[in-house]
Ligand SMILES: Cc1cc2nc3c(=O)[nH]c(=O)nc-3n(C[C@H](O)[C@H](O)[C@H](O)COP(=O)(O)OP(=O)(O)OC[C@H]3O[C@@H](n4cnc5c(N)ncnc54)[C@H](O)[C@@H]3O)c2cc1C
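The chain below stands alone, shown as structure tokens; this is the form predicted alone.
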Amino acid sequence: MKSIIWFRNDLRLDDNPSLREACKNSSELHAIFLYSHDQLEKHNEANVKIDFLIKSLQSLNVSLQKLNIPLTIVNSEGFEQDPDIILNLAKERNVEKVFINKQFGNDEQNRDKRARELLNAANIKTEFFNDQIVYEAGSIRTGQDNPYSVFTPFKRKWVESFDMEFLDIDFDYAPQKNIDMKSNFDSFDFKHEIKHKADMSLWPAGEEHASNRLVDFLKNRAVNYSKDRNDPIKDGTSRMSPYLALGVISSKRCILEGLKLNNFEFNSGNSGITKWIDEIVWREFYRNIMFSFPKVGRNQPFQDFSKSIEWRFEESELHAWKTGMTGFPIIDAAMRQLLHEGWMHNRLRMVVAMFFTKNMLHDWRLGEAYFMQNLIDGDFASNNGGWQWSSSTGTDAAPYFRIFNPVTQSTNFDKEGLFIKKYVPELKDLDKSVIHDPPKEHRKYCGYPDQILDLKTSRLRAIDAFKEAKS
């Protein structure tokens, strides 16, 4: 059987359900990736993430060549054109079946629905597979047959329903029949101009590097994850998120390798490993939210009352936040880390987002978009879920009156001020007793700005705005 495997954000061989089944059932297999630079930018995909995507495709191409599977990159104008491109390629190659891993989001689901309809009408079969999640989207439901909107009971049901057969993912690929096609990767013009300033040596692309990073984390840092994950100066997190976002590694592989070190226990054993697996399940939770509550994918808050919040907008404050010049050292260090690495520590993502939406009282959608435009691990479901949690507009959200104090967060999680000193070097000579909130004379001496707002009055302003919206 002649087949096509349509790659999207599943750029790997290991635990790739559509590729596995395509290889099992095909005599000739052709890999396709549809590239739309305009579509990527329209969806706020970061310049650094597109850079990482191209490098990851290059690595995938090398792996596929060893299996005699040519990878063809095709220019597309976007989601609306994708189904027609796949149909035409399938007809041109006399393909009998197209293998596809599912994606989430309104545009993606509408595209796939139309692709299935067009291909089926042409007597070309399609088969879709779950890839980014363990369970079928929307299948984990409450006793009242409703989708979960709170993580803890979702995770409880997720674990209760878990079957270890889900992790039977190892598969040995055999080379396919050689066909009269070569990959066009080396000649394809991605029209990508590198504009980011992120240090890409932090993010070596490809499946082998993803696997090595996972092994290193589980061997050397996972056991202390619960304790170290909130300290931004420590290398206490896995930094697997960019690889998960593009599907360079699968969530099942991460879960399996973690469970192997924890006697296959989800809720007992080493707290570091169980907490880290929780973070993987959070990704699935947010995908279920996006699937079950489509409004969150349409730029709408999960909590309807929050549509009435009267958000402020002050260009000077927004600029200070984006450039790491708010006068709050931990906020500025986090924002500068984002620009330097294309990544931000998870604890600081919450602190920064809450400062933006509560103290600044700026619309969460502005911050959400800015993160997507700069994160190498930009993942719409997780980014949207995190921002809505921090802004108290989302599912399972922080109560609106719970507002992180950035100075307290700084003294709690960057006690020695080492993270601040790394990313706000003008403060590197300050003692830890003053670095979290430097006195005015220290700021002047260091050339560091005054605070753009007062924490106490801005907190009260936010509480009043949320109270008014709820009334």
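Residue indices: 1-based, along the sequence shown. A quick note: this is a predicted structure, and the numbers were derived from the prediction, not measured.
Quick note: we don't show the form predicted together with this ligand, though the next part is all about it.
Participant: Decide if the three candidate residues Y225, W387 and S390 all line this ligand in the predicted bound form, where lining means a heavy atom within 4.5 Å.
Facilitator: Yes, all three are in contact.
Participant: How about R283: is it within 4.5 Å of this ligand in the predicted bound form, going by heavy atoms?
Facilitator: Although this ligand is absent here, R283 would touch it in the predicted bound form, with heavy atoms inside 4.5 Å.
Participant: L375: heavy atom within 4.5 Å of this ligand in the predicted bound form?
Facilitator: So L375 counts as contacting this ligand.
Participant: Evaluate M350 for contact with this ligand in the predicted bound form, applying a 4.5 angstroms cut-off between non-hydrogen atoms, and reply yes or no.
Facilitator: M350: yes, in contact with this ligand in the predicted bound form.
Participant: Are any of the heavy atoms in Q103 no more than 4.5 Å from a heavy atom of this ligand in the predicted bound form?
Facilitator: Residue-level check for Q103: no, no contact with this ligand.
Participant: Name the stretch: of 170 to 178, 294 to 302, 271 to 279, 130 to 138, exactly one has residues whose heavy atoms fall within 4.5 Å of this ligand in the predicted bound form.
Facilitator: In the other structure, the partner sits against 271 to 279.
Participant: Counting any non-hydrogen atom inside 4.5 Å, which residue from D82, D332, D379, E341 sits next to this ligand in the predicted bound form?
Facilitator: Checking each option against this ligand in the predicted bound form, the one that comes within 4.5 Å is D379.
Participant: Which of these residues, S149, N346, Q109, S183, gets a heavy atom within 4.5 Å of this ligand in the predicted bound form?
Facilitator: Contact residue from the list: N346.
Participant: Does anything in 223 to 253 come within 4.5 Å of this ligand in the predicted bound form by heavy atoms, and if so which residues, in order?
Facilitator: Contacts from 223 to 253: Y225, T237, S238, R239, M240, S241, L244.
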